[in-house]
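Let's start with one chain on its own, the form predicted on its own, as structure tokens.
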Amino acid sequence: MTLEQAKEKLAQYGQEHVLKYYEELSQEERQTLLDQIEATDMSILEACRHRDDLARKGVITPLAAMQLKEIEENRESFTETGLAAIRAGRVGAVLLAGGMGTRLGSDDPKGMYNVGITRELYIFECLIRNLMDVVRQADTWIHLSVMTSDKNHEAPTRFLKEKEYFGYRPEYVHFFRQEMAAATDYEGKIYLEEKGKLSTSPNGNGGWFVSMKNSGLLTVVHDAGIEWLNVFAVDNVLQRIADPCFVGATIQKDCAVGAKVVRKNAPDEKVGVICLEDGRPSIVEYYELTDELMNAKDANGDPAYYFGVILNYLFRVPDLEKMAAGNMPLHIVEKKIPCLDGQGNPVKPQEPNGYKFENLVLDMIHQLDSCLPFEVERDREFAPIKNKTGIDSVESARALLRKNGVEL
């Protein structure tokens, strides 16, 4: 993109200010800024004016989960169906690993965090080990795509290569970067992070497939004949990936998406809840749950909104491609955004000072006509690491790893 083309694009969206320091930049810095302007989708910035409309929810009603009893009664059949799909190469896995370990006291990407005590045991290692269980069970390799971000790409790619992918076959491991979205002030004006760099943030956990597509990885998906993608978050060290029983249940029930869920340990536990919204599958985030929804009962007298999602989903590739060709719903979130002040000095705000723009997985699910909430045992598949100590922490995950026979 030339300077004139950049000026034309910026004028179209009222963002001319981002070239304020252009003349102070080196030739390389100028080109980097022009490239960033070219790559940035500025059409989303108009959404600031309709923020309240974007946040509105439809009518929420319960969605029944497939519970442990039914799963156990059909485990053999579900597993057989899932293994057949895996052996035919129809199932791939996608690890969302763009986050950093800041809240754990680490400057490295979260997947590089060592949860071991007497030996090294990294989060990446735990997840790959869990996937290897299925590789051995099916006697076939599964393509694993790892999403990084602009802020952490080099470290995890180098780390996993140095660790020889913890025994995973390298030709089945693929990396792609999450796309970034501009961050703005409350008027929708893009902040500058540096004089030659726009403030940006990852485009949300619902941006993974668009990012995967734009990186060119769909060639791998199509060439391998992959029809289902199991997408999962980096921070749950116990989760089962490409779980044949889960895959088989979703296929047998002819559902567009499968979602692993756990029974909540308290009505106000901080997990999103699987539900129906205007008759279609959806997720209500924990902070959106009203007292009425938290205390609602189903026909059996159990809590109606009982099952929390753990960010482990199974999507059909054709559905994902259809979504990527359309417009994903947008979420606008108030955040603290590091930026330059009016004099060009860097500022790290202590309070929210603007908006970040995100797509969320819950919207991907809401675009589909059916969903299978698939219950898993908390103590066997849910050990999230979000904090250094306390709830959902390194401490609690270590205790659950020990309980499941993992040497620390």
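Everything numeric here is computed off the predicted structure, so don't read it as measured data. So that the term is clear: the rigid core is the largest set of C-alpha atoms that superpose within 1.5 Å between two forms. Numbers for residues come from their place in the sequence shown, where the first is 1.
Just so you know, the form predicted together with uridine 5'-triphosphate (UTP) exists too; it's not on screen, but the next bit is about it.
For the options K110, R240, H331, H143, the one in contact with uridine 5'-triphosphate (UTP) in the predicted complex, meaning a heavy atom within 4.5 Å, is K110. The single contact residue among I274, L320, A182, A97, judged by any heavy atom lying within 4.5 Å of uridine 5'-triphosphate (UTP) in the predicted complex, is A97. Residues placing heavy atoms within 4.5 Å of uridine 5'-triphosphate (UTP) in the predicted complex fall in a single listed stretch, namely 98-106, out of 264-272, 71-79, 98-106, 246-254. Taking the partner from the other structure, uridine 5'-triphosphate (UTP) in the predicted complex has no heavy atom within 4.5 Å of any heavy atom of N312. When contacts are judged by a 4.5 Å heavy atom cut-off, P156 does not count as touching uridine 5'-triphosphate (UTP) in the predicted complex. In the predicted complex, uridine 5'-triphosphate (UTP) stays beyond 4.5 Å of every heavy atom belonging to G308. The closest non-hydrogen atom of S211 lies beyond 4.5 Å of uridine 5'-triphosphate (UTP) in the predicted complex. Residues of 218-234 placing a heavy atom within 4.5 Å of uridine 5'-triphosphate (UTP) in the predicted complex, in sequence order: A233, V234. Once both forms are fitted on their core, a CA shift of 2 Å or more is seen for K356 between this form and the one not shown. In the core-superposed comparison between this form and the one not shown, the C-alpha atom of R280 has shifted by less than 2 angstroms.
V333: CA moves 2 Å or more between this form and the one not shown after rigid-core fitting.
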